[in-house]
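To begin, one chain is listed below as structure tokens, in the form predicted alone.
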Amino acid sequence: MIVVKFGGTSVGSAESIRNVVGVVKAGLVRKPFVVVSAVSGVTDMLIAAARKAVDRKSPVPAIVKEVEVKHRPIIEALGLDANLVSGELAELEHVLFGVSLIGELTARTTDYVVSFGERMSSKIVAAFAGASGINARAFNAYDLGMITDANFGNAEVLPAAYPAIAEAVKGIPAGVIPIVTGFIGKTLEGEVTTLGRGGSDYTAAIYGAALGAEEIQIWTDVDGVMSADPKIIPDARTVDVVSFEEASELAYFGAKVLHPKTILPAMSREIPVRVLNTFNPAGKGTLILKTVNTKNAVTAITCKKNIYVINVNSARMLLAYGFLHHVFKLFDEFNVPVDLIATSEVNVSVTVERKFDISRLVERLKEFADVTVLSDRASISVVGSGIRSTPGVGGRIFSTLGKRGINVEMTSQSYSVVNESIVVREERLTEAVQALHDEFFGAAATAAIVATARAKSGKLRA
């Protein structure tokens, strides 16, 4: 059995859904367990719908009509029952009326509203799969054991979910191909939750681990894990194989192809993860394994725009026991996650994504330290397990950027040496990533790798 996940763009149109069903049909012999995201753009549309309802600037029926109009052409083009998602639309309207009447929008209610995206897309995919000769049935993930905590908007699966999933899936009749909602679950009290943006990847990995799948496939709109963001580097190439560790680092530090948590359940059971392109099903994609052998020190380069650099400076840090604990306790208190960290005797610098409100955090930090915040910054992470055994990668990074007058304002490197991360001004990001990509993946770099391999081969023959 394999777990197969299709993202929003993969189910974003009637033609895309035809591709999805074609992929499922071609893999029937491997007994696919299918996880789907909401139709592309619908999650944002539902969040906007909830906000419109609470603001009372638009009548609720008109708000729901916008959601219906997004799905109706897809249903019609696929030749499905026009009333296929009428029940979900009626329930959504009921919920939004409640939001409008109360005039309040909580994180819990937002999760409930947003859940309709996956609930509708799973029904559409299952219905078209059935019309195409596949014995398919739509399921909500929370009816198949997806139990989470109550951290609405970014819920975490509970350990009890894994045996619950295994038990619930046993109840699916033999021969039925499940089409399951990604991204959503329920608390033990029965409240709907979401796993965070991109959480359908995570859902697929959780089911894969719980069911002991032979492989987890993530079908998206790119040919796999790329050597850099193709929107920034047009000549970025597909990486054939990466390790769990590399994939986790790439996802966390900006690669959009995977949700950062995806690898964790798969890693725990050592289940291979394959990233494939729904629009190029013949492509090899990228295979993610526990360990890989690579000739290149660097596997890929990823980046994050729109970050803050927060500098905390205090003479009290010098030989002060517990100072860092005090600093990071505040980050925890205000729910602000840190990406990169660099420290000196009296200074600690961290990077934080600008989507987080840091105003109150900074005020508290200023009670015992001098704090400066730099915006318009970006981070770049050079990732590769080969960095461990290859001297001079850091030197090449600084030299390459130095030749172009790009200043590195901060650097961070872990003991494991799977990635080396730096911070630059955002206005120089594209130039910096292109320069580093040329350095590690350009013609000269490729020639050097080939020459080294030949030299090693010659020594072995000798």
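Keep in mind that this is a model prediction, so the values were computed, not measured. Numbers follow the displayed sequence, beginning with 1.
The following text describes the form predicted together with a small molecule, which does not appear among the structures shown.
- The closest heavy atom approach of Q434 to the small molecule in the model of the complex falls outside 4.5 Å.
- Not displayed here, the small molecule is kept clear of S122 by more than 4.5 Å at the level of heavy atoms in the model of the complex.
- None of the heavy atoms of Y207 is located within 4.5 Å of the small molecule in the model of the complex.
- The closest non-hydrogen atom of G185 lies beyond 4.5 Å of the small molecule in the model of the complex.
- With the partner removed from view, the residue among G198, P272, P265, G145 that has a non-hydrogen atom within 4.5 Å of the small molecule in the model of the complex turns out to be G198.
- In plain terms, the part of the chain that comes close to the small molecule in the model of the complex, with a heavy atom within 4.5 Å, is 37-45 out of 395-403, 425-433, 37-45, 62-70.
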